[in-house]
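Single chain ahead, by itself, as structure tokens, in the form predicted alone.
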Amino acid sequence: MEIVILRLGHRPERDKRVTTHVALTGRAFGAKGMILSTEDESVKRSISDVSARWGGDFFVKTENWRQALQKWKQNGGKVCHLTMYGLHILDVLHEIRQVQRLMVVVGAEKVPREVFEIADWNVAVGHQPHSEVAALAVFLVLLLGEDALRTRFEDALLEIVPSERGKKVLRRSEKNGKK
């Protein structure tokens, strides 16, 4: 399944850290990239740097949210808007798993009513106030299963070696890919 995140309503002066965490979460748990509704070069640079060191080709680009949603749907994709007001994820997960291309809308500020109407699913991972980063993580893990928890990137320059205690990181040479 191809998954792209649409970060809606990003306010650079206020949401930079949370938006970066939305991208990091998406990257770590199986999304292909993130579309920002507002230009923010620092978020793009930060995620590009993480991908260069830790692997993968996760993209961050800026696009008008209406156009991004319209283009996505015109190309056969489906849209899932994460909102605590939506249907419970466990009630619609089986439907969402059937699609090939999924755009996951993650809001920052108040989400326009139009998004609720455009979305194929308005989904809640819980019906209580919570973090959009947590909602995205729970959603992706439930959607993709255990594979989302074991994401590895073959082109990684850095890779964590699981250990009971301490920190172990493999460092590969940038030139020859050797450990």
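Note that residue numbering begins at 1 and tracks the sequence as displayed. The model shown is predicted, which means the values in this text are computed figures rather than measured ones.
If you look for the form predicted in complex with a small molecule, you will not find it shown, but the lines that follow are about it.
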Hey, in the predicted complex, does R152 get a heavy atom within 4.5 angstroms of the small molecule?
-> no
Contact label in the predicted complex: L82 to the small molecule, heavy atom within 4.5 Å = yes
Could you tell me if E95 has a non-hydrogen atom within 4.5 Å of the small molecule in the predicted complex?
-> no
So in the predicted complex, does any heavy atom of I35 sit within 4.5 Å of the small molecule?
-> no
Can you say which of 63-71, 45-53, 128-136, 27-35 gets within 4.5 Å of the small molecule in the predicted complex, counting heavy atoms only?
-> 128-136
